[in-house]
Every structure is written in structure tokens, then in C-alpha cells.
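Quick heads-up: the C-alpha cells below are two forms of one chain, split into structure 1 and structure 2.
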Structure 1
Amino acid sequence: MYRYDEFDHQFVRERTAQFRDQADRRLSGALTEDEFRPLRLMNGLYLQLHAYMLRVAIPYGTLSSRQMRQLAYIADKWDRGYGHFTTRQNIQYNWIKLEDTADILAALAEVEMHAIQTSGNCIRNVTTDHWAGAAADEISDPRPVGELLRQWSSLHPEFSYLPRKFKIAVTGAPNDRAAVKVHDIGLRLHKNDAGAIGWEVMVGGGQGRTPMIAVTVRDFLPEKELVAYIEAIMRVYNLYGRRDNKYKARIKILVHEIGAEKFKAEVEAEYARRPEQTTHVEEKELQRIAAYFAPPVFEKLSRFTPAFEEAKLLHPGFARWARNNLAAHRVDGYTIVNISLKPEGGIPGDATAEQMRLMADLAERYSHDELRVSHPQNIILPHVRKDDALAIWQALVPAELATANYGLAGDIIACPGMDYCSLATARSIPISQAISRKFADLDVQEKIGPVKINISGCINACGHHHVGHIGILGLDKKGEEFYQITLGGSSTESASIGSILGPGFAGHEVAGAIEKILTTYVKLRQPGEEFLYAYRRLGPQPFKEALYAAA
């Protein structure tokens, strides 16, 4: 895990002192809200419906136990005892007072954390696979590249005032868990025909008003060229990206308007202008950063673990949780633990301070002092001995963290919606809660199988509804909330944008509509066929008939 050097410490301390002065001037009236707004956004502070919201960066989703405990402390001392983990592997506090914000930033700095570049028209928190460094299918851990990009992009003089916000995602596995194809830049590690490892560079993905899948601009790029090539992409965007209309300012619009081939040619021309010796990352620098992500010292264990297998026989609840919430680790005798933040009727992504402290304790004791925040708004213990899984489950049960629904219908992605967000046009949380209760029976969820239900409270798509197998978008219709349903979206290596199924539904009708969709799927699927592939085979018509035929 990366550790701050002296430059990092000084950088964060100075930024905290700067913001303390800015906040004091706003509180005294020396700064108007219009003058203060760009200053607070540079430090991740938003003004929401009821209070300020602070978004804290968790680079590539990796946390230590000490950092998680500090997040719990902040939740207790300055918020209302909880935090909200997001799809960009950050945490948000929804009830912040302006006069407390500098103290919160100082508390974050104590554990090598900050809120810089979590908002504004800059390069945001770099995200990656939440199983990075542990997954059995991984080619290589992508987090060192995430850290390289974090260091390169922090307060970059050219790229701090872009036409619009900019998001980068990185994956080191063939199975994409980082949604790289729906980011401004997506990076996928793979091997070429000669067996060499390099990066596929994708540009122009995104959601919001104009959802698009990224296009490949370089199929294979050596790692030492990565920063220089991304700089070329950023320069082309900075030069040609629109600044007159924020709805057309994202790089995806530029790629779409000039065409992928023209955009690629512009990037290649810009890249060719840079002398090689000044742009390539030195091997020793790559090795320096990679050393921070050296794997822990694993015990030499057998692939077959009798105690783990016996525990599943003795505890049916544990057996179900192990079946659904554990994932294959690259080391024999170990597993990846996915802690669901989606209990029945809960708010997706929310965790109380007590729950954060428990997860920190479990990570310290059983997971080499490491936790991850996942894209689907859950928490991961990446390196756990299988024989320790039972003890973890037993500790999670009384804390309401042992719901065995990872990847199933109850594992819903949802933005905060109109309960908090000033941009939202409808509520997301009550809809997710209603669906969660509708599918509370885990036997039913397991019968349905893997399905991704994503909910957004407005067209900005913070709940990633466009790439949900089932997407739900909340909108305002003449002062009333109604919900549009899309089917067939995916954020994986076979990424796709969901298609609108038909007329929207009132809030109280949504859970029933989802039930009809999934009942139709179970009736029509082929043996072993998951929802997304059944939809792609069947098309929308049987689902439309199930929802609208009787209307």
C-alpha cells in the first residue's frame, strides 16, 4: 500500500491550511458563495439539499485499518455516525458543517488521506478492480499504475482546469470489474501475440445525458509510455474540448463529433511531438511505486481446506454466504471476502461508524491490514485464509454485514438521489429499499442468479443505471416522480448501454415491475443462462409484454 513521502505530507498540510483560511473568509462574509464555490469544489466540498457534503478520495479503493478507523471517527465526530461509499471507490459524508471542514481535512491528513480532486473539472480519483492483487484471473496488479497516474495528475498545471471532469479506470484482469469502457480513459492490461504485457487504451466512454462506450485508440502500449500517451490524449482534449456548453464538454462528445479515427490521429500526432527521453517513465520509478504494492507474505496452504469445508456443512447460513460472497484468490488456501453493504431494506453503500470499525478490526486480524472499496459499493477483504472465513462471518452477522447477496438482486447500486442531492429529480433510496424488500428471500435471489440492478435519481447517472442489466432512472414528470426502466446494460468487457423498455412507472410500481421482468427471465431462460445473456438472446419483446400487455 502506498505511503506518503515528505512531499505528499507537505502538499496535503498546505492545502488544508489554505482551505481553512478560505472557509474562515466565507464564514466571515469576506467571500461570497459564488467566489467560494470553486475553492470548496477543489477540496471535494459540495453544497447539497440539506447540508454540505464532503467527498474523500480513496485512491484505487485501497484502505488500511487505520484509515478506515479514521473514517469512522470522522463519521461520529462531524457527521451523523455513518458514511456513504460510492461507485468511484470514495466515501461521502452528507451532513458536514462548513466550520468543521478544515478540521476534517486535517484529520484525514493524519492518516495520509485527503479530498483533493474529488470534484471540479480535473482528473478525478483513479479507480480500479477492487480485487486487484488478489484475483485468480489477474495478469498483474494494476494499482501501481493507478498510483503513478495519481501522482502525475495531482495539481497538474495543464490539466487542473479541463473542459469538464475527467475519470480514469484501470484493470489488470480479462474480466473487467472496473468498468473501464464507460470512463473518459479506460486502461486494460493484456498480453500481445508475443506474450508481452501492455495496455489497451480506450477513450470516450461515459454515462450521463449521452451514454457512450469507449473506443480503442491504442491496442497495445508499453507501460513506460503510458503517462506520455495519456498526456497526449489530455492535450488534444484540452485543445478541442468544448467549454461553451457543459452538456457537450466531456471527451466522449469530442470523440463522437470528430470521429474515432480523427481523434486517434490527433493523439498520435501530439504524442509524436514529444521527445522520448523526456516522456517515458523510468523503470526505476515504476519499480519504486510497484514496491509499495508488493503482495503480503502468504502462508503455504493446501488448495483443499478441511476446516472450511466442514464449517460449511455445520453452518448452512455460512455455506450460503461462502457460496455468494467469497471469490477465488490467486493463492491456494486463501479467498476474497466481499462484505455486502446491502442488507434487506438498507441504503446501498452506507456504513455506520461501528460497522467501519468492525471491518477495520477484521482486516487487521485476518486480511493483512487491507480493505478495498468496490465499484458496486461494498467493502472487500482481499487476502483471507479460507479457514478464517467462518470467524469473519460470525463477526459480521450481528453487525448486519453478512447478507449473502453479493452479485444478486439485492446487491443494488444506487446514488443518494433526491434525499440528499441538489441535482436529483427523483429519489433513489426508497426505490432500492423497496426492491431489496421485494427480493428479501435469498432462496429467490439465488434462483434468479447474477443480475445487476442500478438506480440513478437523475440523468447524471451517478447510479450507473445505463450499464445495469436492469437500469432504473428517476425523473420528474409535471412535479411527480416516475421511473424509466432500461434492460441490457453492462459495464464489463462486453459493455453495453441499456435500452429503454417503455413508459415509466410511479415509484410504488417499480419493485413490482422488476419482479415481473425477473419472473419472465426465469421462465424463458435456457439452462445456466444468466439474465444479461438471456436478454441479449430474447430481446426486449417478452419483457415488454410482461409489463405492458395488460395495461
Structure 2
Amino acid sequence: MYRYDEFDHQFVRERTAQFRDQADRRLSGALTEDEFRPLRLMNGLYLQLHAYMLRVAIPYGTLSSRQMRQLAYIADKWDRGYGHFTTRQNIQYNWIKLEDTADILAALAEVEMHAIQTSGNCIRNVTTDHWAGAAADEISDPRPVGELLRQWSSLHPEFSYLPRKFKIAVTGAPNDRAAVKVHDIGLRLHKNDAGAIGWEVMVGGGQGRTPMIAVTVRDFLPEKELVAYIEAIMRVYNLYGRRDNKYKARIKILVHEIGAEKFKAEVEAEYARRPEQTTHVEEKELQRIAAYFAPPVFEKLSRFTPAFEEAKLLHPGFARWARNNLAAHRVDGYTIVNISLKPEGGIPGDATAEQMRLMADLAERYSHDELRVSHPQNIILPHVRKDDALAIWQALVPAELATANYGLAGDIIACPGMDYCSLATARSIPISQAISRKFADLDVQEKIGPVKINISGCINACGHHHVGHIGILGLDKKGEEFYQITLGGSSTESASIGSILGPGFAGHEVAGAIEKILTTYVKLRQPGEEFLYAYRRLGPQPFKEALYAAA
């Protein structure tokens, strides 16, 4: 894992002092709310429905147990004993006071964390594959690039007042778990025939009002040029991105309006204009960072793990959890443990301070002191010996953290919605709870197989409904909440935007509608065909009939 050196420490300390001064000036009236808002947002502080909300970055989703314990401490001391893990590898606290915020930032700085640029019209927390460094399909760990970009983007003087927010995601594996094609910039690692690695640079993906899939502007950019090239992209965007209409201000609109070819030409021209400078410092910095991400020392274990196999025979509950929540590790005898934060009827992504501490303890004991926060709002122990999986499961069960629904219908992504968010037009969480109760029977969920249900409480699409296999969007119709259903979205390497199926539903009708869709799928699927592929083959018609024909 990356560790701060004296410079990194000093940087977050100074930033905290700066925010303390800004907050004091706001409280004294020296700054107006309009002046203070961008400053607090660039430190992750929102004003939400009930109070201030603080969004803390978990860069590239990686946490040590010490950091997770500090998150629990903050939840207990300054919030209401819980936190909400988001789709972009952040944690949000919902009941924060402005007058406490600088102290919270100081507590984060103690454990090498911060809330820098988790909001505002600047470069946001850089996200990656939550299985980075562990996944069997990975070419190379993307986190060193994540850390390089975290540093480079932090308080970038040129790019702190962009037309709109800017999100970067990085994957080092061909199976994209970081949704890079729906980010402002997506980076994907490739290895060529000569064995060299380079980065595919994609630009202009995004969700919100106008969902778009990113276009590729470079196929194979040498790693040491990443910073300089991204700087050229950012400069083109900062200069030419629209500022007249905030709904048209994201880079995807610029790419779309001037066309991918013209956009690419502008970037290349800007890139060619950069001064004669070597990239040796960036290269050395990347090497320095990469050393921190050297894999932990794994034991030489056999691929066959008798204790693990026996445990599955003895404990059917464990066998189910192992089947659904464990993923292939690159090293024999090891596994990736996916802890579901989606218990039946629960709030997706929420964890209590107590649960955080338990997961920290398990990481310390069984997972080389490492945890991950995933894009689908779950927690991961990335490096676990298969023979330890039973002990972990046994510890998770009483904490309500052992739900065996990873990747299944109950593993729902949901934004906080109108229960917390001041932008929301409808509630998301109750819809998620109703669906998870509807599919409470895990036998049913397993029979249905992998499906991604994503719920957003407004058009801003924080719940990623556009790229859910089944997407649900909550809207307001004459003061009443109602919900639109989209089908066929995907955020992976074969990304697609879902299509609206038909007229919307009242809140209490949604779970039933989802059930009809999935029943139709089970009836019509070919052997082994997952929901998304069945939908792509069948099209919307049979699902429309199932939902609307009888009415």
C-alpha cells in the first residue's frame, strides 16, 4: 500500500489548516455562502437535506485496517455511528457540523487520508478496479497510476475551476470493473505482442442527463506520458468546455458537439505544444510509487485446499457464500472475499462503526491488512487464504455482513436518494429495500443468476441506473414519486446505455415490476445465458409485454 512521505503529510496538514481558516472566515461573515461553497465542496463538504455531508476519498478504493478504524472513529465521534460507501470509492457521513469539519479532516490526515476534491468542479477521486493487485485476469496493478494521478490532480492550480466535475477511472484488467467507459477519462491497460504495456485513453463517457460511452483518443500511450497527455486533455476541456449551461458542461458534451476527431486533433495539437521537457521525473515517481504496491508475500499453497472444500461440505450456508462472494485470486490457495453491504431490507453501502471495526480486524488478521471499497458499494478483503474463508464467514454472520448475494439481484446499487440528498426527486433506498425483500430467497436469486440492478433518485444518475442491467430512475410527477425502468445497460468493457422500457411506476409497484421482468427472463433464457445477454438477444418486446400487456 502507498505510504505518505514527509511531503504528502505536510501537504494534507497545510490543506487542513487552510480549510480551518476558510471555515472560520465563513462563520465570521468574511466569506459569503456563494464564495465559500466552491471551497467547501473542494474539501468534500456538501449541505444536504438534514445537515452538512462530508465525502471522504478512499483513493483507488484501498484502505488499511488502521484507516478503516479511523473511519469508524469519525462515525462515532462526529456523526451518528455509521457511514455510506459510494460507487466512486468514497465514504459519506450524513450528519456533520461545519464547525467540526476541520477537526475531522485533521483526524483523516493522521491516517493519510483526506477529502480533497471529492466534490466541486475539479478532478475528483481517481477510482480503479476494486480487485486490483489480486484479480486473476489482471495485466498489471493500476493503483500506482491511480496514486500518480491523485497527486498530480491534487490542488492543480490550472484545473480547479473547470466547467464541471471531472472523473477519472483506471483499470489494469481486460474485464472492466471500474466502469472506465462511463467516466470523463477512462484508462485501460494493454500489453502488446512485444510484452510492453501501454494505456488506452478514453474520453467523454458519462451518465447524468446525457449518458454517453467514452471514445478512444489514444490506443497505446506510454505510461510515462500519461500525466503530460492528460494535462493536454484537461487544458482543451478547461478552455473550450461549455460554461453557459451546467447541464452541457461535462467533457462528453464538448466531445459530442465538436466531434471525436476534432476533439482528438485539439488535444494532439495542445500536446505537441508542450515545452521540450523530459518525462523522467514522472517515470521515476511512478517507479517510486509502484514499489509501495509490490504484492504482499504470499505463502506457497496448493491449488487444492482440503480444509476449504471440507468446510463447504459441512456448512451449506458457507458453501453458498463461498460460491457467490468469493472470486478468483491470482495466487494458488488464495481468494478474494467480497463482503456484501446489501443485507435483505438494508441500506446499500451503509456500514456501522462496529461493522467497520470488525472488517478492519478481519483484514488485519487474514488479508495482509488490506481492504477495498468497490464500485458496487461493497467491501473487499483482497488477499485471503482459502483455508481462512470459513473463519471470516463465521465472524461476518453475527454482524449481518455475510449475505451471500454478491453480483445477484439483492446486490443493488442505490444512491442515498431523497432520504438524504437535496438534489433527489424521489427516494431510492426504500425501492432497493422492497426489491431485496422481494428476492429474499437466495435460492431464487441464484436461479436468476448475475444481474445488476441500479437505482438513482434523480437524473444526475449517482446510482448509475443508465448502466444497470436493470436501471431504476426516481422522478417527481406532480409532487408524487414515480420510477422509470431501463433495461440493457452495462458499465463493463462492453458498455451500453439502458433503454427506457415504457411508462413509469409508483414506488409500491416497482419491486413487482422487477419480479415480472426477471420471471420473463428466466422463462426465455437459453442455458447459461445471463440476463444482460438474454436482453441483448431478445430486445425489449417480451419484457414490455410482461409489464404492460395485461394493463
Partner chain sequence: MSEIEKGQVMTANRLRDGEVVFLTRSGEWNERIDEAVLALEPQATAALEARAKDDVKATLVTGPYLFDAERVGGKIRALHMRERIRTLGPTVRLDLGKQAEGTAGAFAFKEA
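Just so we're on the same page, rigid core means the largest C-alpha set that superposes within 1.5 Å between forms. Numbers follow structure 1, counted from its first residue as 1. Source: prediction; values computed, not measured.
Between structures 1 and 2, only structure 1 derives from the form predicted alone.
Here G479 does not count as shifted, since its C-alpha moves by less than 2 Å between the two structures after the core is aligned. For N192, the Cα coordinates differ by 2 angstroms or more between the two structures after the core has been superposed.
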